[in-house]
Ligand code: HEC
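To begin, one chain is listed below as structure tokens, in the form predicted alone.
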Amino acid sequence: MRQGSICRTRLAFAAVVALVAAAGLAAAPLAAQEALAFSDVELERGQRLYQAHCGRCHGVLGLGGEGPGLAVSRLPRAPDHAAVIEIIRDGIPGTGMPGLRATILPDEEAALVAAHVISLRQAQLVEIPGDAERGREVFETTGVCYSCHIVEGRGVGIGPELTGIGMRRGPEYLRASLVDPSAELPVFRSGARSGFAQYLPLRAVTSDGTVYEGMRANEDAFTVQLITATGSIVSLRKADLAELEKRFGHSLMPATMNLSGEDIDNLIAYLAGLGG
């Protein structure tokens, strides 16, 4: 790195420390300081690469979407620059986070993307309208939320578990899921189940006329398993079915649940706070 770049880096770091001190906060964590070791040009390139490869799931500003927001003070799985690169390369098994091979993202570019992700820790926090405590009351008193979702061990797991949802999904994604649940339906993005729609509503009718409705849990060429509204898991042989309806593009979750705009804001504030 040229001497001029070193000086600009030191000045930038001093400016960040001064801003943080002026706000009465602790100095930037070491992991966030690592991004300052890169020049402005390198960070801008890392931002463009991030937007091309990561923005669809994590949001172009890193505020989250289908994937978790990255503009946070701490990434539990990636405490430093090297760990971010490792996740970019290997992904996170058992999640929707795929790895990117060096043939897709060379090592130099992966380092720049990781530097941009680290720099997001200096981003401004997003102000979310609404009262989180009132949102918790809405969640607990509608009589609907706990019938499909689990939060800290309470509820039924027909839909996604919401414990820690604030660390995995951004506010705009949460709002879209509440206002139009069918608009944001996740899929598996890696491994043998790539493209397999999660939380797919099913209606199955057996040869003797028994009707089962619920959420698909698993399926192969010969059987299908679904979770009913009571949380029971039913396994059916396709050969025994007279009808099997798969409602692609639909969600069992009712849109906004007849909530007011204020209640929706409060509910989003509550959900965004789950997981810190």
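Computed from a prediction, not measured in an experiment: that's the story for all the values here. Numbers for residues come from their place in the sequence shown, where the first is 1. For the two forms, the rigid core is made up of the largest set of C-alpha atoms that agree within 1.5 Å on superposition.
FYI, the form predicted together with this ligand isn't displayed, but the following is about it.
Heavy atoms within 4.5 Å of this ligand in the predicted complex map, among the stretches 60 to 68, 239 to 247, 203 to 211, 219 to 227, onto 60 to 68 alone. For the chain shown alone, Thr95 is a contact residue for this ligand in the predicted complex, at least one non-hydrogen atom being within 4.5 angstroms. In the predicted complex, none of the heavy atoms of Ala102 sits within 4.5 Å of a heavy atom of this ligand. Although the partner is absent from this view, Leu43 stays clear of this ligand in the predicted complex, with no non-hydrogen atom inside 4.5 angstroms.
At a distance threshold of 4.5 angstroms between non-hydrogen atoms, Arg134 is out of contact with this ligand in the predicted complex. Put simply, of Ile128, Met167, Ala111, Cys145 only one has a heavy atom within 4.5 Å of this ligand in the predicted complex, and it is Cys145. For the stretch 43 to 60, the set of residues having any non-hydrogen atom within 4.5 angstroms of this ligand in the predicted complex comprises His53, Cys54, Arg56, Cys57, His58, in sequence order. Comparing the forms between this form and the one not shown on their rigid core, the Cα displacement of Arg216 stays under 2 Å.
After superposing the rigid core, the Cα of Val151 is displaced by less than 2 Å between this form and the one not shown. Comparing the forms between this form and the one not shown on their rigid core, the Cα displacement of Leu241 stays under 2 Å.
Compared with the form shown here, the Cα atoms of Gly67 and Ile150 sit 3 Å or more farther apart in the predicted complex. Pairwise change in the predicted complex: Pro79 and Gly170 C-alpha atoms lie closer than in the shown form, at least 3 Å.
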